[in-house]
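Encoded as structure tokens, the following chain is the form predicted alone, with no partner shown.
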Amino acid sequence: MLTRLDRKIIRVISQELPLEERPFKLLAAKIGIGEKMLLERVRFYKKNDILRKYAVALNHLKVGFRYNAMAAWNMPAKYVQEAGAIMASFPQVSHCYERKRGKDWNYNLYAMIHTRSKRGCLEAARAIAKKTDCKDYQLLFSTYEYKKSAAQL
């Protein structure tokens, strides 16, 4: 059960990290606690699987990755775990996940591919298809980004 303080901490660490020498000290001050307490709570969340990871969210457009495509794969259920791990290992893939198949949509494994060119996305998808031995996939290219932010509590 999360306390009110836990919720404050999670909200503050979900925001953009300030470009400061001691960013966690500044974040802790925002919610009225010390840096040491903030870091102890974050370590507790990690140790107890409340927090899976704390990572940088790269703005792919600002660093030159102009093309991205959601690759949807029709993967036999018994190979999903193995194939997902293979897809996630590709440097062009930012995230990879499984979903239930839809009534008229027979794809169950997804990988978001980011590259500098459309050809790069196509080549990455072909390499993934070869390594996972899955030829049944669709690439859904993004045309416009409406929102990109961390989820809020």
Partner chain sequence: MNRLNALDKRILNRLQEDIEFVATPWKAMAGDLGIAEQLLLERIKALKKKGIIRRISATFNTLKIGFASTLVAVKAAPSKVDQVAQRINAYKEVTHNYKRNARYNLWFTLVAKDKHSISRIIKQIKQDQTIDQLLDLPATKLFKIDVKFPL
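Source: prediction; values computed, not measured. Take the two forms, superpose them, and find the largest set of C-alpha atoms that agree within 1.5 Å; that set is the rigid core. Positions refer to the first chain, counted from 1.
The same protein also has a form predicted in complex with the partner chain, omitted here; what follows describes it.
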Margin query: Would you classify residue 148 as touching the partner chain in the predicted bound form, given a 4.5 Å non-hydrogen atom cut-off?
Written below: yes
Q.
When the contact criterion is heavy atoms within 4.5 Å, does residue 10 count as touching the partner chain in the predicted bound form?
A. yes
Can you tell me whether residue 130 touches the partner chain? I mean in the predicted bound form, with a 4.5 angstroms heavy atom cut-off.
no
Quiz item: If you check in the predicted bound form, is residue 84 within 4.5 Å of the partner chain, heavy atoms only?
Solution: yes
Residues in 77-107 that come within 4.5 Å of the partner chain in the predicted bound form by at least one heavy atom, in order, are 80, 81, 84, 85, 88, 90, 91, 93, 94, 95, 96, 97, 98, 99, 100, 101, 102, 103, 104, 105
Residue 97: Cα shift of 2 Å or greater between the shown form and the other one (core-aligned) = no
Exercise. Would you say whether residue 66 is displaced between the shown form and the other one, judging by a C-alpha shift of 2 Å or more on the superposed rigid core?
Key: no
- Query: 2 Å or more on the CA of residue 13 between the shown form and the other one, with the rigid core superposed, yes or no?
  - Reply: yes
Shown form as baseline, in the predicted bound form, CA residue 49-residue 91 shift of 3 Å or more puts them closer
